[in-house]
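Given as structure tokens, the chain that follows is alone and in the form predicted on its own.
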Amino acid sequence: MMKPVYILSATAISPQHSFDPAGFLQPVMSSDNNKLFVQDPDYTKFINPVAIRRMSRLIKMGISTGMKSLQDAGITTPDSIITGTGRGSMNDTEHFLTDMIRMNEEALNPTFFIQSTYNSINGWLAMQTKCTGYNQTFVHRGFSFEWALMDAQMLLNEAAQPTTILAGCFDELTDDYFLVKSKVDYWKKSPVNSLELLNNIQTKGTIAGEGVAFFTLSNERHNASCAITAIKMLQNAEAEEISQAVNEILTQSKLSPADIDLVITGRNGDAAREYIYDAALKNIPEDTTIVSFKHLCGEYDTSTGFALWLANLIAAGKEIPGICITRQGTNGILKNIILINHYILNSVSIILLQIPQ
């Protein structure tokens, strides 16, 4: 079993007011068209105004979130940068492909192609922070962020000296992507108010979202608000396998279901995926608080990043937002949090978090 990885800071840009945690859910943002787009902060605080004109929307989000995470942790240059993305810059990709068709593949502007590559945000962050260390981007659909976290955990476990890693995830939503995936029943057939999503589990599909989240990780617990203890991923798992995986993670960490103080679930209102959470929560005691988050950020490949940001915020002492609570427990001091998320392509991830006491 691997050693814990400590979260020194966490930053997110999401459909909620999350970039400044002091203003989180003030007010709660919602939509009625099955799409949740991010709330854009002031990017000029982290990016040169001259350079910002040439950057796509996702690159601006990625750079600003990564730089703020380092700033909050008091780190100038991380030892490594590791990210995960399911789709990368969809807007730049669509723009480049549209230009190819419109201009018959002649005299194309290379900017959109360059910015559409999955590792462009990593490159910008490396230049901004002067990081010359290990730099990796994972593109594994619903497991993209989980693989980035696991890679960071392995790297930190191998380090003999104090080490910091900037780890993050990013995915954006476009109207064309929404249209294409609506043809394969990703989304609800009828418009649903996002805040009512979890009350619409009788029908298939969910709502679309997007977001960016970055975390400054370390192998030292000093100033850490939360620790990532274990990560497990399952593909095309049956209900019994999911329940067993939760029990295995707890057993390996010398915990029982009764020791879990908070469960964060990725329930997304899709009737076809409810069995995942029924199985995962089967042995969780009634006095454990259960929280959900996808009615706040929507569904996308790396939504686990938003969930981890929320978990870290709660671990740092913030009150659990009432809009997130699906079952109020009676637990007192939070010590152990388990995060269970799934993506539409039948991928399920389980992450155990522990709060240093």
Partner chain sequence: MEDLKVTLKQQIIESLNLQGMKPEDIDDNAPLFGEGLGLDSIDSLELMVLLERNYGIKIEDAREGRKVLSSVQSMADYIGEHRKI
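Positions refer to the first chain, counted from 1. Predicted model, so just to flag it, every value in this text is computed and none were measured.
What comes next is about the form predicted together with the partner chain, which is not displayed.
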Exactly one stretch in 273-281, 100-108, 227-235, 146-154 has heavy atoms within 4.5 Å of the partner chain in the model of the complex; which is it?
100-108
Is there any non-hydrogen atom of Arg53 lying within 4.5 Å of the partner chain in the model of the complex?
yes
Does the partner chain get within 4.5 angstroms of any non-hydrogen atom of Ile114 in the model of the complex?
yes
